[in-house]
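Single chain ahead, by itself, as structure tokens, in the form predicted on its own.
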């Protein structure tokens, strides 16, 4: 039972990332009808927003520390972060320690700008083109962004730790009546799951309860009619592209302590997340979220040793097997609209 619970927690962790990226993908497809293969790159850019913020907060200058001497007895020069000068040593150290959550303040405007520029500068020219053209051009854009990140930050992963308060593990088993240390789980992975639920809930609430969101949902259902009412639906859809970019970027920001950012992390998640979208149903926001968590849990359980002993490599292909079964029996996906992908 303890192994089952642990794998379920791992599944929620993986599913959180899949659901957030798939949610953004579905927002773009549902509003603009564009298959955006550059969406994984937005996840990557968000992760490197955290790297950038961490480096900015750690910028320092050298001062002479009279209390410390080198082997010759001369006072040593030490690096003092600028935030220590501005806010004091204790507060400065706290700000540096919380660099990843603080990166959200940088990621939101950056991702909004990147999303709008991407949509206005390139993707708008492919609205009426075949999906194959959209896939090719956005995949090419993803490669360009990936190489830019590689050139600026290097090819090696960049460790970006979580705040010290969340670097340990929670004794989850004790809360369920197990012996101490039977089931322990990293705090930050639980934080990431909670963060994902908040972001997903906020997106659905925005679409459901705001006038802007209701107009967007109407435009998703019948774009021409909304346009005839005198509403600039194209402008709203552009902002939705920016919102989708923000969701992907925030997913990347908070994922950095779990997986050190590297230039190909976007591609690693993109294919899996696109499969999640297809399984959930192209254009279905609830389907994307449900499929993200479902496939994350299935992949987690498939990685158990006794299952891999029976079917070697099943953890690597389980998501694709499920996708094949879904497409064969229900081409529109689990919660997809009737007629989508069924022509």
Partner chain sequence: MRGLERRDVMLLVIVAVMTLFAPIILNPFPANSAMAQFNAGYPDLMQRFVIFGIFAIGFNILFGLTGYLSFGHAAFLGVGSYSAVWMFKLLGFNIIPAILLSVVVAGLFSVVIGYISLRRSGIYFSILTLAFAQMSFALAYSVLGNPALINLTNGETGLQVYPSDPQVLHGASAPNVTNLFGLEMRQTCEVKLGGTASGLSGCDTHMLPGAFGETFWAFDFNAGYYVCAVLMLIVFYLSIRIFRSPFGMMLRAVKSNQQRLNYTGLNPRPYTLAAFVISGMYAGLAGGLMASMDPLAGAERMQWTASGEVVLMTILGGAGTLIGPVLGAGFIKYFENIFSKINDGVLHSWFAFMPEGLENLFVTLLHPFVGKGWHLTLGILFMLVVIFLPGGLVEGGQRIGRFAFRRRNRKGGEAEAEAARKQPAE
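Treat the numbers as computed from the prediction; the structure is a model and nothing was measured. Positions refer to the first chain, counted from 1.
Below: the form predicted in complex with the partner chain, not depicted.
Residue contact check for residue 274: one or more of its heavy atoms lie within 4.5 Å of the partner chain in the predicted complex. Contact check for residue 106: no non-hydrogen atom falls within 4.5 Å of the partner chain in the predicted complex.
When the partner chain is considered in the predicted complex, residue 37 lines it closely, a heavy atom lying within 4.5 Å. Mapping the unseen interface onto this chain, residue 130 counts among the residues with a heavy atom inside 4.5 Å of the partner chain in the predicted complex. Using a 4.5 Å heavy atom cutoff, 144, 317 and 321 all lie near the partner chain in the predicted complex. Per the 4.5 Å heavy atom criterion, the partner chain in the predicted complex is contacted by stretch 276-284, the sole one of 276-284, 43-51, 289-297, 59-67. Comment: the partner chain is not present in this chain, but in the predicted complex one of 140, 201, 88, 227 has a heavy atom within 4.5 Å of it, namely 140. Among the residues 208, 151, 74, 156, the one placing a heavy atom within 4.5 Å of the partner chain in the predicted complex is 151.
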